[in-house]
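This document starts with one chain, in the form predicted alone, laid out as structure tokens.
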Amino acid sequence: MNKSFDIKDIKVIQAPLAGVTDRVFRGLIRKFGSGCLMTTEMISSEMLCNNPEPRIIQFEEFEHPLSFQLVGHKIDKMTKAAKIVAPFADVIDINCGCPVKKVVVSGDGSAMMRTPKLIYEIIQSIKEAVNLPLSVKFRLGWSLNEENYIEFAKTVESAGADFVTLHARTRSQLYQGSADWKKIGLLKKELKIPVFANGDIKTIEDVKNCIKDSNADGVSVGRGIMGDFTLPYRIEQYFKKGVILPPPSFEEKISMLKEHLNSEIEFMGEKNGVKFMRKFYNYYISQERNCSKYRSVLVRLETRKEILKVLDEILSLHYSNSR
């Protein structure tokens, strides 16, 4: 736990992504210079209460400030889970935004936006049990006909939440269409606590436009980091100094991919690490010609040696095309 942590010092939050933002992912963000608020993958309160030491909550000290995101709808389980992670956390975040069917079908994630009284009770119970800042991430509502984000946010604020993050889509939109940053601006006018903007933030230009539309206190970035661990640092430099640093070159992205691959293999073994990395290739190589062909090759490979060989081939082709 970072005793000096203050949300007012934070402009960038690394958004949680299930099956993506593991210990290695977070560590690489730190390596590339960012001091952002890190967030674990979404942690099931039910799972954590049954298994208090799962791999999903493993972390390194240098990751602080670090937020642990919990998902669930049972007051006792959520409170117990908060107590388990509290000794290691700088923030506890409650997930009221996940739109995935297997999550919402049990009343968790964005389904919580339909039960504001319950989230109020969960927040109050956790705040009484642990002495940590508490945040809530949520969406515009269940659907376009059920947009209740302002009322929902006022409820979590009155319950004791210290800040919120709004993903500017409804649950029914999933990740389709465009995030409506102007609605984050409407929420910002209604709350006294900090509001972070989430959704469609992949470049510094996106950050500029988002802040213009929302007047948010900062941004929460998820998929934009996939394939570019420099993004949080570059956003921070824009906020702090107004400078716009260039994104990594293709050569730098391939080098980053190799480091990511090697680190995941070291963390979880070659078989599991290779399988885990398959979801990332397209983010790293999408700017290269014929990238879809290479991605289809990479996702079939089963050893580090094979993957590194193909990455070197891609890089050689890139140099040839650049001449």
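Keep in mind the model is a prediction, meaning the values are calculated, not measured. Quick note: we count residues from 1 along the sequence shown, nothing fancier.
The following text describes the form predicted together with a small molecule, which does not appear among the structures shown.
Residues L17, N95 and V221 are all found to lie within 4.5 Å of the small molecule in the predicted bound form, as judged by heavy atom distances. Of the residues E288, E46, E41, E63, just one reaches the small molecule in the predicted bound form with a heavy atom at 4.5 Å or closer; this is E41. Checking D108, D180, D200, D90 against the small molecule in the predicted bound form, a heavy atom within 4.5 Å turns up for just one residue: D200.
A residue is said to contact a partner when one of its heavy atoms sits within 4.5 Å of a partner heavy atom; S34 fails this definition for the small molecule in the predicted bound form, lying far away. Exactly one of the stretches 75-83, 127-135, 222-230, 188-196 approaches the small molecule in the predicted bound form with heavy atoms within 4.5 Å, and it is 222-230.
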